[in-house]
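To begin, one chain is listed below as structure tokens, in the form predicted alone.
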């Protein structure tokens, strides 16, 4: 199936709704992250809180990429979700937008590697893998993960991969399947 990279008003409205919805979710997850960090720190696993919730924080990208099937849609969806989170008063302020770009590009890579021709479990799992690798690399730099012991790094990577697969893989696929059943997306010109 051939897809158009043109954006229509319906696409823009739906992308905006996805960004608002996930921006609110991202903002709500901030305090959960704080509680998890406090709970896990006494046993030396405080950094794991970030990896446990990472799959939730990156959902807008793969959902947007899979729904719109357009170059840049995963990056745009994730970035706009981060903008909404920032405007709601997210605890990381404007730096949330930098994370949104990194996470969006990471998600986009999964679709890029298939040449934007496959929108199935393979491309979604590839997006999960690229998101996990790129965001983990980003945290090596930004959050000081590079200072952690190799055993902790492996554990954090596995936790992040599982979280990202559950939320940005399985849950995103379920959402897309539900959208397909509503026939909402079938009337779109692609």
Partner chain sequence: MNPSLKFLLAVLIALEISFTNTWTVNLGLAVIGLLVILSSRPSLKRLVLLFFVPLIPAVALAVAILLQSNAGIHFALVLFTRIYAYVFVGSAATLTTSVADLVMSLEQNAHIPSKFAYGFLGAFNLLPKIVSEVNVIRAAGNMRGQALHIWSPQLYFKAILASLDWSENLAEAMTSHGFSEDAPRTYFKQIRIRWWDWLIVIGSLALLQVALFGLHLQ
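Just so we're on the same page, rigid core means the largest C-alpha set that superposes within 1.5 Å between forms. Please read these numbers as outputs of a predicted model, since none were measured by experiment. Positions refer to the first chain, counted from 1.
Beyond what is shown, the protein has a form predicted together with the partner chain; the following relates to that form.
Residue-level contacts in the predicted bound form: of 45, 133, 162, 155, one residue has a heavy atom within 4.5 Å of the partner chain, and it is 45. The shortest heavy atom separation between residue 86 and the partner chain in the predicted bound form is within 4.5 Å.
Although the partner is absent here, residue 129 lies well away from the partner chain in the predicted bound form, with no heavy atom inside 4.5 Å. Using a 4.5 Å cutoff between non-hydrogen atoms, residue 92 counts as a contact of the partner chain in the predicted bound form. Of the heavy atoms in residue 76, some are within 4.5 Å of the partner chain in the predicted bound form. The candidate spot formed by 54, 105 and 109 lies out of contact with the partner chain in the predicted bound form, as no residue has a heavy atom within 4.5 Å of it. Contact annotation for 7-28: residues with any non-hydrogen atom within 4.5 angstroms of the partner chain in the predicted bound form are 7, 8, 9, 10, 12, 13, 14, 16, 17, 18, 20, 21, 22, 24, 25, 26, 28, listed in sequence order. Relative to the superposed rigid core, the position of the CA of residue 174 differs between the shown form and the other one by less than 2 Å.
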